[in-house]
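Here's a solo chain for you in structure tokens, the form predicted alone.
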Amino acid sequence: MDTVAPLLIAGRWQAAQDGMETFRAFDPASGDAIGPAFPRSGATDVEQALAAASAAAPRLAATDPERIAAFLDAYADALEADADALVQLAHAETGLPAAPRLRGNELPRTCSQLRQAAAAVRGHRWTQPVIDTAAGLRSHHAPLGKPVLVFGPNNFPFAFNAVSGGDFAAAIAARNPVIAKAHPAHPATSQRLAGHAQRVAEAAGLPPATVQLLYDVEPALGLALAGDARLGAVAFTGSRSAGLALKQAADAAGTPFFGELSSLNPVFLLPGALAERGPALAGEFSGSCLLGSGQFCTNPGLVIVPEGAAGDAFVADVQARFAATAPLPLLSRGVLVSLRHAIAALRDAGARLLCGGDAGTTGYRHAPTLLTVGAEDFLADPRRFQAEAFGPCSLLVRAADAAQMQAIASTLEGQLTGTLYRAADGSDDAAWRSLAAALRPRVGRLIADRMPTGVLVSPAQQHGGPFPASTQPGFTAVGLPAAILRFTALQAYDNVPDALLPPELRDRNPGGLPRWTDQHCTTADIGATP
């Protein structure tokens, strides 16, 4: 019998207590099972994790923030020191290139996120203190006092991993324990990450259940877990169908659910831009769409292209680039099956296949696929053309004029991003403004003249958007300290004596924290002489 990997529960690695169904990871390049067996947890494991996290929550909320910051910094250091082994595991389990993708980009981004979270903890600005001296009221954002459940996606084994990614860093920064539900596509990577997290948390003196790891659970148990009232919040990145089911369970318990579900990230090529630099735009789009086999949440899956000679040339150029690109492995068999179904649905709706469609090669590969449809057909039934095809695939919509482009924009569901390319000479500016006005309420991030694939970890970032891009359009999953606010509670103190207030709400402000005091932003002590 294969040795089964242990779970991380209550500060120690232990064998699964029940539900001893096991699974293994798969090499996307070959489709072969690899690595050890991992447990699919049952109800006993889930209950132990919930109970331990619930017991740890008040202790972690009362922990000195400097210990939290030290943990986040030390965790980043540990990942950097173990980069070779981590990258090797993630490459084997996801098929993503070891270099530059994992070693040169994603792992450094992950470590940067952790360090930015540490800086946010030390700066205290995420607490956003507000003081009304006349009313005797003071408020700030504070820990939830409950655990956060994080579901990790399949496409970012480090930067969005449930035990190392942005959701994890933000929840820990707010001093909440994390129950990490790893993605079963990369269990060994998650196990190694969690090993570092557990050792560093113990060294930092954090409660034993600050970080816990479950590899997988049956869907029904996952719903029960998400719907447990002991949780303070749930964070999820993945498919719309799974996300909506989990959200329904969380909603029933009154638990905030922060889900990133799907996005087409529409790109509008205005006529002047296309005439001015069509070949360059074809290269930009092809590179963006095919990067990482198209498995980015900000992949440009819908491109609106003007009719006419310049548009025809753009389509022909892109078609040639797609056809000349060899199929690369997708993340899992599930991604391959979902992509095939999405492409079939688009074709059934009336989209015409230009190239790709499938690939009969080994492993989980799919040929880069390009489809097209006329604007009139799109507008006749826009919902059928807005199913996300997650992978190296995009739909080109041919529009007769700016009016049709605006009509298309007005039918779009909520998106993470919306991109507008304009001519440098200003000839597209009027159309740009009209399209931007239509897109602005439908996208989290409005982009000018560059593809949407990159998501910079910046305090000004919005990686979210109207439904179904996310379930909470007022929040971001990327960018600190803003991302921390998802996992906080707004707490007010009424007529509480100064000595009994949290430090950032007291009269003295020795750290110079900016506070909104009597309708002015100031770093001064209360009662200080101006």
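A quick note: this is a predicted structure, and the numbers were derived from the prediction, not measured. Residue numbers here begin at 1 and follow the sequence given.
There is another form of the same protein, the form predicted in complex with a further copy of the same chain; it is not shown, and what comes next is about it.
- a further copy of the same chain in the predicted complex is approached by residue 494, whose closest heavy atom lies within 4.5 angstroms of it.
- Heavy atoms of residue 287 never reach within 4.5 Å of a further copy of the same chain in the predicted complex, leaving it off the interface.
- For the chain shown alone, residue 346 is not a contact residue for a further copy of the same chain in the predicted complex, no non-hydrogen atom being within 4.5 angstroms.
- Residue 138 belongs to the set of residues with a heavy atom inside 4.5 Å of a further copy of the same chain in the predicted complex.
- Listed residues 300, 444, 207, 271 were compared with a further copy of the same chain in the predicted complex; 444 is the one with a heavy atom within 4.5 Å.
- Note on contacts: among 109, 196, 91, 125, the single residue with a heavy atom within 4.5 Å of a further copy of the same chain in the predicted complex is 125.
- For a further copy of the same chain in the predicted complex, the listed stretch (29 to 37, 66 to 74, 44 to 52, 498 to 506) containing residues with heavy atoms inside 4.5 Å is 498 to 506.
- Contacts between stretch 55 to 69 and a further copy of the same chain, counted in the predicted complex as any heavy atom lying within 4.5 Å, involve no residue at all.
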